[in-house]
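Consider the single chain below, provided in structure tokens and representing the form predicted on its own.
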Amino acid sequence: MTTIELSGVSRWYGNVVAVNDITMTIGPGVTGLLGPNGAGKTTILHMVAGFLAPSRGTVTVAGQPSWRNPGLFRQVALVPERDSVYAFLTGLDFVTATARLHGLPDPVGAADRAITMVEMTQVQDRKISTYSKGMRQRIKVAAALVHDPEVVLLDEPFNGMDPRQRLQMMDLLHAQGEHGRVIVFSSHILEEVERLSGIIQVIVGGRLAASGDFRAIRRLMTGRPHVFLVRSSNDRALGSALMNSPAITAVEVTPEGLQVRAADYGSFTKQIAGLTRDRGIRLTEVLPADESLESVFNYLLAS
């Protein structure tokens, strides 16, 4: 099983520390590298790809050091945020050239397959200079996938894509992860990471602020109450009952239902079932109202 390992990794540029003592393990599937602009996400991807040396610590891919290891390029692909294409080439020329650089036995056939994966076949003979930003992003992904890498690193891959292109790309990356590849993409857009990846590595100020399933991370945040939206056959009676519970910090009746703040996730979910049963109230819906990735991100930035 291919994994990415960072152990005590730091990277600095003169007096500027871009990445500070990060340790993480990333396995097969889709992992989102989340953080605000300037958090250090691009630096991490470039170190994993072997384009930057860590100032301290070690970065390995499949057990091999990523730095000064050109043979690893057969297993790893990087889609940079900035355009790295020759605009005078057609899309097919660009991807075919990448296939030839990898020494593939059938570069044209490999390019055709990769371009089909990103749904660019109809425009593959156009010059890249005529492509939109979203189309250039997709042709870069095709070039990255042409040699069938085990690890695919993407830096802000959805920039410039329209909604249809983004959904198509999300489906493609999800399918690649399902097939056992290690897919790591960076983003500062919460909705992108939440839709595509349940596993996140949150980078704030060059440090790893949180790692794992974002819902589990949110539940471990005991520093502030959890908010739920509760709907039942008798919201007012249920609200009165909940107010007597020491685990409940606030209850508000709203047109959408009860908004309940609870100090502990597990205690609340167990308690509400008993309360409704004992009072003959029919519980129709219990929704965590703040278990989104945005809630996790805002909490970590404020910590």
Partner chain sequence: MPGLLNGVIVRVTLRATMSRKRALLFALPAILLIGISALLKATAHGQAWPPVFLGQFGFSVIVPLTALLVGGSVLGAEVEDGSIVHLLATPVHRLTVVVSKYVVAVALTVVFAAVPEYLAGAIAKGPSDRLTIGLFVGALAGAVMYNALFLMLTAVLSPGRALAFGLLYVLLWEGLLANLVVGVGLLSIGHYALAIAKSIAHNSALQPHQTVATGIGMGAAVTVIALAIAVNGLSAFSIKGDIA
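Model, not experiment: these values are computed from the prediction. Residue numbers count along the first chain shown, from 1.
This protein has a second form, the form predicted in complex with the partner chain, left out of what is shown; the following refers to that one.
The partner chain in the predicted bound form comes within 4.5 Å of no heavy atom belonging to residue 263. Looking at residue 31, you'd find every heavy atom of it more than 4.5 angstroms from the partner chain in the predicted bound form. Though the partner is left out of this view, residue 84 does reach within 4.5 Å of the partner chain in the predicted bound form, counting heavy atoms only. The partner chain is not drawn, but in the predicted bound form it has no heavy atom within 4.5 Å of residue 163. Of the listed positions (259, 42, 60, 245), a single one reaches within 4.5 angstroms of the partner chain by any non-hydrogen atom in the predicted bound form, namely 42. Between the options 169, 193, 110, 78, the residue in contact with the partner chain in the predicted bound form by a heavy atom within 4.5 angstroms is 78.
Partner proximity in the predicted bound form, defined as non-hydrogen atoms within 4.5 angstroms of the partner chain, places exactly one of 227-235, 207-215, 110-118, 87-95 at the interface: 87-95. In the predicted bound form, the partner chain lies within 4.5 angstroms of at least one heavy atom of each of the following residues of 58-73: 67, 68, 70, 71, 73, in sequence order.
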